[in-house]
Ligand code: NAP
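Below sits a lone chain in structure tokens, taken as the form predicted on its own.
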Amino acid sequence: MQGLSGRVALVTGAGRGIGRAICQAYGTAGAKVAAVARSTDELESIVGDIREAGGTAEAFTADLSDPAVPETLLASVNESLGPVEVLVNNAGVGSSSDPKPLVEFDDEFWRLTLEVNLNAPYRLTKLALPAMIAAGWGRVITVASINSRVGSLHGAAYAASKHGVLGLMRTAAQETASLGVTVNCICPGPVRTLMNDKRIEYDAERLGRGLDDHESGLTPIGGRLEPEDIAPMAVYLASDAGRMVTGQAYNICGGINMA
């Protein structure tokens, strides 16, 4: 895929799941990968894999629930690899961590979810855009969710944050379309990750279904997506081939939402 060789790509939530798959794909495509997550061990694993394959990657341990972290993170990446040219906002808190009806919802969990899922992408995008605009080239890709379009039963904070980030990114796309920067979202359906495992277990128990039967019917195609199903779109949107695509939200959902 053209356009990633030598590009500095910052990926949050890089330790596992979708973020790890995107890091791997970017490394293969020639990007210099800044892998960001809370777990040092997981970061060392993905960075090691990229380097072993001949790519360039650096690990940056960071907790994006802290509002002060994005500024120091961008400064560290800039010093180590150069200005961020591709920003992937992937880190997230899922509803599975504490699913409850709205009337019983935990206020602190609401705050945490919006801090990581909405405020962190806002801060990181705001901080990364000036260098992209100055260079006349940049890509912002946010891993949103199919719940950017529909509600999430017992997951008010997750749905609200994902609806919010979609609006944020569409606004950023409008503001930067003539400046060489594209801003897009990817909206996955249920993906086989640790976070989604918990949600699948919760819904299966809530509905009185066997776990295997519940999972098999999650999408019209059947079953769940794999993290590697998301990575090709992230590569395309980051590449020169995607230069005319901005302000879009692409469902990769196994046919859940065909609108």
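What you see is a predicted model; the values in this text were computed from it and never measured. In this text, residue numbers run from 1 along the sequence as written.
Same protein, other form: the form predicted in complex with the named molecule, not shown, and the subject of what follows.
Each of 17, 116 and 143 is positioned with at least one heavy atom within 4.5 Å of the named molecule in the model of the complex. Between the options 207, 211, 194, 53, the residue in contact with the named molecule in the model of the complex by a heavy atom within 4.5 angstroms is 194. Shown alone here, residue 39 lies within 4.5 Å of the named molecule in the model of the complex, counting heavy atoms only. Within 4.5 Å of any heavy atom of the named molecule in the model of the complex lies no heavy atom of residue 28. Contact check for residue 201: no non-hydrogen atom falls within 4.5 Å of the named molecule in the model of the complex.
Taking the partner from elsewhere, residue 139 is found to have every heavy atom lying beyond 4.5 Å of the named molecule in the model of the complex. Of the candidate stretches 125 to 133, 144 to 152, 76 to 84, 172 to 180, only 144 to 152 contains residues with a heavy atom within 4.5 Å of the named molecule in the model of the complex. Taking the named molecule as positioned in the model of the complex, the residues of 145 to 170 that bring a heavy atom within 4.5 Å of it are, in sequence order, 145, 158, 162.
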